[in-house]
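What follows is a single chain, given as structure tokens, in the form predicted alone.
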Amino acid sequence: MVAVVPTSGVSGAPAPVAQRSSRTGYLLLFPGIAWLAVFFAIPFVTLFLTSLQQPVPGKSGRYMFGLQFSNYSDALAEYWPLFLRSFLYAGIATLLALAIAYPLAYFIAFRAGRWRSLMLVLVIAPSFASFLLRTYAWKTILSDEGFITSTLNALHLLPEGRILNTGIAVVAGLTYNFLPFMILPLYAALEKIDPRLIEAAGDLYASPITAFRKVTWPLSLPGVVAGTLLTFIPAMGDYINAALLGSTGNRMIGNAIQINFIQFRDYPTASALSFVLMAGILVLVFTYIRRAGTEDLV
């Protein structure tokens, strides 16, 4: 004889247990959702509403709610050269950081051996100092009486005879300050690559260049994308390097936002510029990720 056991209610967890598990999941999500709501969603909406404000008649520096969409067109008409300059400086700094960081990250991942931890600490160590302090240090390094400027002038390599207060100084400061954000993602991606894959490419008569192009570079592409984004995005909105290392002709869009918000107290224009900058960066990021073939990073 075969005993027949009722199957109703056997599969799956009992209803009270399933409900408790569902509530636990929502409770675990609540702190993150609350953090995003308080520090992202609410400021985002506030920024957009501020960008549409209009001046209060007869009261300088006072604004009231309105639908002044012309704030965007006026801001873009006045400050579009600064958007282009910010894109140019941030793009050059990102490419320079990639050119410097990739060989260094490759060496740390595959050749550093027992010195790997020390080299990673040295990469991170400058971040322990203030961003402002590091930029002031570059102001001293690139001064007209400094060793770098004097040497390049002796070799007749500086067309203007100086580095400080030029676009070169701004790009150099951006590259240096955001270089760790490029090195660490590259190292994380390269460190995950199985060295046997590179050895297998060599066994199949691939030259070192071919092995790098066919194996190492494609496998490290997620680190390249992450590093370039982590470098380009903050560099695009930075204003400290342009303010300390550049001149008035080297200002970036971050300087325009800072000046309108703090000095002129033109909050609608500053908010409109911030919103346009953020929207433009989002479009560039999604386009870049899709073109790079790494949609899983989104």
Partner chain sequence: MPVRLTRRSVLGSAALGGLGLTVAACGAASTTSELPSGAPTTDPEAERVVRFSNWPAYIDQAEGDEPTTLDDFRASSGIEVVYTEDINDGSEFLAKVQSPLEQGRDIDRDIVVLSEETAQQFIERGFVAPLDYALIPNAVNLLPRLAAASFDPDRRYTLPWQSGFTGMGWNTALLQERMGVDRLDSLDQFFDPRLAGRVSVLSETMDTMGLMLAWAGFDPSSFTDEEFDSTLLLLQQQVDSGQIRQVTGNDYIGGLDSGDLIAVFGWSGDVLALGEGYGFGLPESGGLVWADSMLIPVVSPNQASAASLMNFYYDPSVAARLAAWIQYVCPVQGAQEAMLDVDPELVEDPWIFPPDEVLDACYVTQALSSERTGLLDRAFDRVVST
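Source: prediction; values computed, not measured. Numbering follows the first chain given and starts at 1.
Quick note: we don't show the form predicted together with the partner chain, though the next part is all about it.
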{"query": "Which of 44-52, 64-72, 31-39, 258-266 lines the interface with the partner chain in the predicted complex (heavy atom within 4.5 Å)", "finding": "258-266"}
{"query": "Distance check, Leu76 to the partner chain in the predicted complex, heavy atom within 4.5 Å", "finding": "no"}
{"query": "Arg116, heavy atom within 4.5 angstroms of the partner chain in the predicted complex", "finding": "no"}
{"query": "Leu88 within 4.5 Å of the partner chain in the predicted complex, heavy atoms", "finding": "no"}
{"query": "Contact flag, Leu244 vs the partner chain in the predicted complex, heavy atom cut 4.5 Å", "finding": "yes"}
{"query": "Heavy atom within 4.5 Å of the partner chain in the predicted complex - residue from Leu190, Leu164, Val171, Ala226", "finding": "Leu164"}
{"query": "In the predicted complex, the residue from Phe212, Phe83, Tyr136, Phe107 that sits within 4.5 Å of the partner chain by heavy atoms", "finding": "Tyr136"}
{"query": "Sequence-ordered list of residues in 232-254 near the partner chain in the predicted complex, where near means a heavy atom within 4.5 Å", "finding": "Tyr239, Ile240, Ala243, Leu244, Gly246, Ser247, Thr248, Gly249, Arg251"}
